[in-house]
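Below sits a lone chain in structure tokens, taken as the form predicted alone.
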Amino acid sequence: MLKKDVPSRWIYDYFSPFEVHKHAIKGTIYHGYSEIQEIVIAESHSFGRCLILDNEFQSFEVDEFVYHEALVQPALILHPEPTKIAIIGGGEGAALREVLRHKTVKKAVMVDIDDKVIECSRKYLPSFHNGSFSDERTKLVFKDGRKFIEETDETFDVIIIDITCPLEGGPSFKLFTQEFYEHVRQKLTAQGLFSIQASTTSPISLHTYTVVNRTLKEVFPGVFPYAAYVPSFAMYWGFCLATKGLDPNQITKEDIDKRISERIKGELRFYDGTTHQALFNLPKYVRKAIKEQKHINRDSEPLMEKYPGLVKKE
């Protein structure tokens, strides 16, 4: 590449104080602040439009389907007949889009603390939500996700948590504790499932993922960690599926493909029976770290990550 062709604008995605992934940016589409966080929507050269909250990349246009199908589809496909779903977070609308693909779904409640993120996503990220905010089955609630779960009288077949990682000073750390997970379990129906994004499975950053798994095991009889490689993140991203008894390892790939063909509107791009088997077969080092983790995350001392991109230079 000639020097004159090298992009002049880059956004840095810090993996640690000593490791960074750079994305070349064509331009900034939106930059502003809500009462909760900084919001940036930019156009990247490689992965299209992206949403950045408080300097953390959330998802990219080209490969967001990998993350969102991985987060949503295993839980909804495993459930015998999911009709009522709650999504906590998910401001881009992509998790909501995936939920509404299911013909059985009659109501999808999406709860986000920041209405500004949804306003920006409606306007600038149309391929992410694909009109899902306006679907007649959608109910938007602008409220703290934990308060919603604690206060609602409704129960749900599936609850999906699509929030930012538990960053120090961020809005999400209180949704990763044992006390919150106990409230979630109470708001699930008898065969209900709980799906959550749980940070990276990188060998140098496994603490959050293993603590989330260990904490869920204090609350749910079935906890099933899994991961998917997200190209724009340049790493495997971890998820957890927690159940009251259903086991994702007991469903065959043929049954998954059959349920997809019967239930799903349109065609999935990432998830099917074969992918399902790969998702739940984690590498040995991850399984070992999960087994060895003893810490339970509680309200009294919640897990909070420090964002390495904000580390002050000496």
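The first residue of the shown sequence is 1; numbering continues from there. Values in this document were obtained by computation on a predicted structure and should not be read as measured data.
Separately, the form predicted in complex with ligand SAM exists; it is not shown, and the next lines address it.
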| property | result |
| --- | --- |
| Among the candidates Glu119, Glu179, Asp135, Asp144, the residue which, in the model of the complex, approaches ligand SAM to within 4.5 Å (heavy atoms) | Asp144 |
| In the model of the complex, the one of Leu76, Cys240, Ile159, Ile163 near ligand SAM [non-hydrogen atom within 4.5 angstroms] | Ile163 |
| Any non-hydrogen atom of Tyr67 within 4.5 angstroms of ligand SAM in the model of the complex | yes |
| Residue contact check: Ser44 to ligand SAM in the model of the complex, 4.5 Å heavy atom | no |
| Distance check, Pro171 to ligand SAM in the model of the complex, heavy atom within 4.5 Å | yes |
| In the model of the complex, Leu175 touching ligand SAM (heavy atom, 4.5 Å) | yes |
| Segment assignment from 214-222, 184-192, 109-117, 201-209: heavy atom within 4.5 Å of ligand SAM in the model of the complex | 109-117 |
| Residues in 69-100 with any heavy atom within 4.5 Å of ligand SAM in the model of the complex | Ile88, Gly89, Gly90, Gly91, Glu92 |
